[in-house]
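Take a look at this one chain, the form predicted on its own, written out in structure tokens.
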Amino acid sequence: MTKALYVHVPFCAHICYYCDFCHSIYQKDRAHRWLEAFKREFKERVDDEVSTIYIGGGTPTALDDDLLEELLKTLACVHDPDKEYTIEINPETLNAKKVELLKRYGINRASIGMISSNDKELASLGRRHSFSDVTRTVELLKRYGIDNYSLDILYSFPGETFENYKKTIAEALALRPKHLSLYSLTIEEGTLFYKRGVEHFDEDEEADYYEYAKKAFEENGLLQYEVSNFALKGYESKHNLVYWHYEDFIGLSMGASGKIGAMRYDNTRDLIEYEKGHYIKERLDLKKEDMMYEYLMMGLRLNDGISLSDFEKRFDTSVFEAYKKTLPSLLESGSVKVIDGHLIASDLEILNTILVDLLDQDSE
């Protein structure tokens, strides 16, 4: 079975106030050391074709041109030009030379951190780019023939107003993306926002923001296919669907995670350990019960839900038997439903409540 490949670039030009991903301020000597270790890890751990490639971070485009090219050259041996190949872009770090490299090495999809169209809001989040940098990024990508791009939008952060948010949604749609991702702010321990005691909106206000964007996206042909993701038909993220369908993926580099069969792992975040070849920091062997729950947790995020036949094929039992203590009441209440052989969450906004109820299966 082919696997998806995720590559984490653990460097940023600046650190956003809300981000807790593995990252450090970009320094070329450290980035060079990281890249040499990454090439060794790649050679040792990737020995088969991959279904998709996703380069995330951090900020992949924070790398200097020569290091970015060396990274892309390393990955070229597993790249299939007919497969999805995505890179994340922070608009402050992109230039024409880098886009030319992306095109030359076959990247055909970009995920752009737009976040907001209001420059004051961007600055309040620790972002150093402006909205004009976002429009410039889109134009650069289109000039080099990369017209499959996604925009990330954040909401529920301090100082945001609904009027500014509506303008952000309108400005995003005006850029004609094939895909949009919509995320509410989460306050993660260790971030600057956490240290400052920042709080996001209450649930009712967040719901108003979410529903407004969802309606606007769908009116423009970007249909919801997952809790936070919307796309034109045929432009759903194939890489992320691997996660949501609970398929295997290889995570490479510092801070990356992966899943192979019944084993999940997290790579080290320490550059010295990484250079020593101590790539994986933690391994977790999953029990059947763990895998069934994770399968539901990921699959119910999708509008299409989970395939009942696929669940039974994987786990040699039906979902109704596996969750016979909790699923009947969820079906009776209408929280979940069965349509065309799929178990579907009736309302993705209450998905967490559904998952908590299913998790109670183990405690009864």
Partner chain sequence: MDSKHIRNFSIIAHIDHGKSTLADRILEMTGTVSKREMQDQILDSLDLERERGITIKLNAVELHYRAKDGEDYIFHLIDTPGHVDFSYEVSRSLAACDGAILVVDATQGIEAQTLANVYLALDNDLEILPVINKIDLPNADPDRVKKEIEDVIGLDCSDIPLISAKTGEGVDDVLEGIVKRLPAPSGDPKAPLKALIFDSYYDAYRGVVASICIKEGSLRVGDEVEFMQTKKRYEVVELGIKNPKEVKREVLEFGEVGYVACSIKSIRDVEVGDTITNVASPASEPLAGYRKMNPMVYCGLYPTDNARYNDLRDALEKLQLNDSSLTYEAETSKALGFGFRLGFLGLLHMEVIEERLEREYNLELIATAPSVVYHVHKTDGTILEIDNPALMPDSTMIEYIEEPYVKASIMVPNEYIGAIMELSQNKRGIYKDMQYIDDNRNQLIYEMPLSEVIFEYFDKLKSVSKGYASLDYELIGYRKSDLVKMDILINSEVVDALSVIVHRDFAYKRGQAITVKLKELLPRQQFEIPIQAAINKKIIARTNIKSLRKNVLAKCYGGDITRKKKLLEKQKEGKKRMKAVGSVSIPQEAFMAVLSMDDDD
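These numbers were taken from a predicted model, which means no experiment stands behind them. Residue numbers count along the first chain shown, from 1.
We do not show the form predicted in complex with its partner chain, though everything after this point is about it.
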item: Residue stretch of 294-302, 64-72, 316-324, 27-35 approaching its partner chain in the predicted bound form, non-hydrogen atom distance within 4.5 Å; value: 294-302
item: Residue among S124, N164, S184, N95 with a heavy atom within 4.5 Å of its partner chain in the predicted bound form; value: S184
item: Listed residue (E100, D119, E273, D208) with a non-hydrogen atom within 4.5 angstroms of its partner chain in the predicted bound form; value: D208
item: Proximity of L348 to its partner chain in the predicted bound form, heavy atoms at 4.5 Å; value: yes
item: R264: touches its partner chain in the predicted bound form, heavy atom cutoff 4.5 angstroms; value: yes
item: Distance check, E219 to its partner chain in the predicted bound form, heavy atom within 4.5 Å; value: no
item: Its partner chain contact at Y149 in the predicted bound form, heavy atom, 4.5 Å; value: no
item: Triplet F11, I112 and T268 all within 4.5 Å of its partner chain in the predicted bound form via a heavy atom; value: no
